[in-house]
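This document opens with one chain alone, in structure tokens, the form predicted on its own.
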């Protein structure tokens, strides 16, 4: 696993009050294209500089194009600043062409215990693998697998179970602690949950929404990634992320394209 931190590869450089540059890493790609959660995290990184509030609470991104790695630009617009939250629009561009459009809400994450959470899936996992994610031949062209540590509680090599569900332990390079920005990556870090249903080609994200619920405790996070409905060449998926203390720290939903077979 790489020792180059997520904070480093998603770092932005401020060029003006609302404009930033970013160098999209070729290491955080799938089939040569940057991971969608990674792109959203870079936009959020810029938003935290502009916002009057420090923590990402919610972010929703539409992926217009799939940029190549390398230099890119980020523009941030403040839509509203309130007492408890700031709403912003973020746009990632490549050579002046929009690639990702995002809306974000930033505020301050508290430390209070949830009032009610029985609607959340139970964080029930089996024993995680001793070695990181699969053999290289099972995941060709996925450079990102060398950057993160993903250990499933059921080997992908065993084939689909038909449940449409992946459960894994996820760690960042060098055991870097997760923060509200890197949690935006965590909800999109695993392979498509459709791996547990049927073989497919690339499953490109069309839209990704993430909620950050709490600041995570140090250590790896546990991720439950589920597919819900496949039809008309699209699939919707949900993702829940718990920290090392068992606290739900992030959840996400996404709509992606898919070709089965």
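Quick caveat: nothing in here was measured; it's all calculated off a predicted structure. Positions refer to the first chain, counted from 1.
We do not show the form predicted together with another copy of the chain, though everything after this point is about it.
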property	result
The unique member of 30, 50, 197, 203 whose heavy atoms fall within 4.5 Å of another copy of the chain in the predicted bound form	197
Partner-contacting position among 121, 174, 141, 114 - heavy atom within 4.5 Å of another copy of the chain in the predicted bound form	114
Residue 164, heavy atom within 4.5 angstroms of another copy of the chain in the predicted bound form	yes
Residue 110, heavy atom within 4.5 angstroms of another copy of the chain in the predicted bound form	yes
Contact flag, residue 8 vs another copy of the chain in the predicted bound form, heavy atom cut 4.5 Å	no
Touches another copy of the chain in the predicted bound form: residue 253 (any heavy atom, 4.5 Å)	yes
Residue stretch of 166-174, 152-160, 78-86, 180-188 approaching another copy of the chain in the predicted bound form, non-hydrogen atom distance within 4.5 Å	78-86
Heavy atom distance at most 4.5 Å to another copy of the chain in the predicted bound form, all of 13, 38 and 218	no
Neighbours of another copy of the chain in the predicted bound form among 91-112 [non-hydrogen atom within 4.5 angstroms]	91, 101, 102, 103, 104, 105, 108, 109, 110
